[in-house]
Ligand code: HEC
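Just one chain is shown here, as structure tokens, and it is the form predicted on its own.
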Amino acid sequence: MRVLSLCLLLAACKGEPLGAPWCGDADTGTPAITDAVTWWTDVKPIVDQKCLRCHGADAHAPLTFEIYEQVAAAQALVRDAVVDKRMPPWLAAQCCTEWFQDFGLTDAERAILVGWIDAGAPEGNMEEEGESLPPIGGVSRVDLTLTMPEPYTPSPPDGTLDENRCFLLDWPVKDEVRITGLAPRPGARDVVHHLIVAAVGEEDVPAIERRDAADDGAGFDCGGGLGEFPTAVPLGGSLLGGDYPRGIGNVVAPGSRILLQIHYSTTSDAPPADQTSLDFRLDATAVDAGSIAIANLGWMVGEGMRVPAGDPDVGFWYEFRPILFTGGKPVDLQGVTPHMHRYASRMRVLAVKPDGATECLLEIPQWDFGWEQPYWFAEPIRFDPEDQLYIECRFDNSAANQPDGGAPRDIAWGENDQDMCAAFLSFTPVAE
């Protein structure tokens, strides 16, 4: 997808954030359920549709939930994860808008799972099995798989937990095609936090190959992100992966190479080696999408996004008209990808109409650094030339929220052991 330069406001936000309420604040928790539920009739259909994508026999999650005995044995862990809303790892609030391939639990599904466990996890009768739907997400077909040429063992810089490493993968397709689905398969999920996949044109490959050759070991350091490679075209970045909706795709020309940037995150003195693979769905035609980057350049300079040590709730917000991205024309918004780090607590992205009315594009009431992913809208959302975009991020820098267990310290915008506040909106032109 085409990515243009970041928005160019040089001053940090001033004044007050928008007064529109966060829809997740109205959450009343997990509703109680009084009806008797069983594994076969009520629980198995939910597990099959919402859990097997990651907890199937051939998936990468550490627990397998294919049969009753496996889920019943892990029921205490399942209950905690469901009540705390840590699982499934769908961070977007369902009160904001409707989503494509939404594998999050509804309140009713959450109530069924908790009620079933609290009742002793009854198995019920197999003859009364409820109707199950296929697992949500993933690519509908795999036309090509690429794998890192050799394993790499993360080695973050001294005093940090994180490392950004890039790897060049051959692109064997001889004709121009569109990538219409992408599903990464991490070789070592414990250390692969997130990744970005991009296509690099044939004319830029030699320079990147020289950089790769100059760095010892597999791949090369790319702590500056994809901004170091101006011609790289991002293709996706979710560990969960899946098809793109509504025929959206990305062109990859013959002679291109795939640039895989992996953000490794580890607290171990002996992290495992990783050799990540990428599954692609390919089609001859697709609709090309652009990307609007939402962030305040002022946050990236000095203390423009300073979060004081010990403060449990610090907020930053920014509102602008993205005419540099849209050309001042109406567009259809297709989805949004958030980006924050470990100290973030929640985020929202809104469309603001000329009369001050707001439309929720994304709200994450409980940020989890381990599950960053794109969220596609169930249907395109029209964005007009006079509309504005608003982003708000909240951070928790209290003693209880230190990833390394140490004393709080001031943080600001940055890669290793710092934080960020950004989002990327995918859009397509309005059909004439």
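One-based numbering along the sequence shown. So that the term is clear: the rigid core is the largest set of C-alpha atoms that superpose within 1.5 Å between two forms. Quick caveat, the model's predicted, so the values are computed rather than measured.
This next part talks about the form predicted in complex with this ligand, which is not shown.
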query	finding
Which of 393 to 401, 359 to 367, 375 to 383, 45 to 53 sits within 4.5 Å of this ligand in the predicted bound form, heavy atom basis	45 to 53
The single option of Phe325, Phe100, Phe103, Trp171 touching this ligand in the predicted bound form, heavy atom within 4.5 Å	Phe103
Contact residue in the predicted bound form, chosen from Ala73, Ala284, Ala81, Cys95 - any heavy atom within 4.5 Å of this ligand	Ala81
Contact flag, Ala273 vs this ligand in the predicted bound form, heavy atom cut 4.5 Å	no
4.5 Å heavy atom contact, Gly115 to this ligand in the predicted bound form	no
Partner proximity in the predicted bound form: Trp371 to this ligand, non-hydrogen atom cutoff 4.5 Å	yes
Close approach of Arg86 to this ligand in the predicted bound form, 4.5 Å, heavy atom	yes
Heavy atom within 4.5 Å of this ligand in the predicted bound form - qualifying residues of 58 to 83	His60, Ala61, Pro62, Leu63, Phe65, Leu77, Val78, Ala81, Val82
Rigid core superposition, Leu195 Cα moves 2 angstroms or more between this form and the one not shown	yes
Core fit, then Ser265 C-alpha moves 2 Å or more between this form and the one not shown	yes
Change in CA distance between Gly315 and Ser265 in the predicted bound form, which is 3 Å or more, as closer or farther	farther
Shift in CA distance, His194 and Ala295, in the predicted bound form relative to the form shown here, given it is 3 Å or more	farther
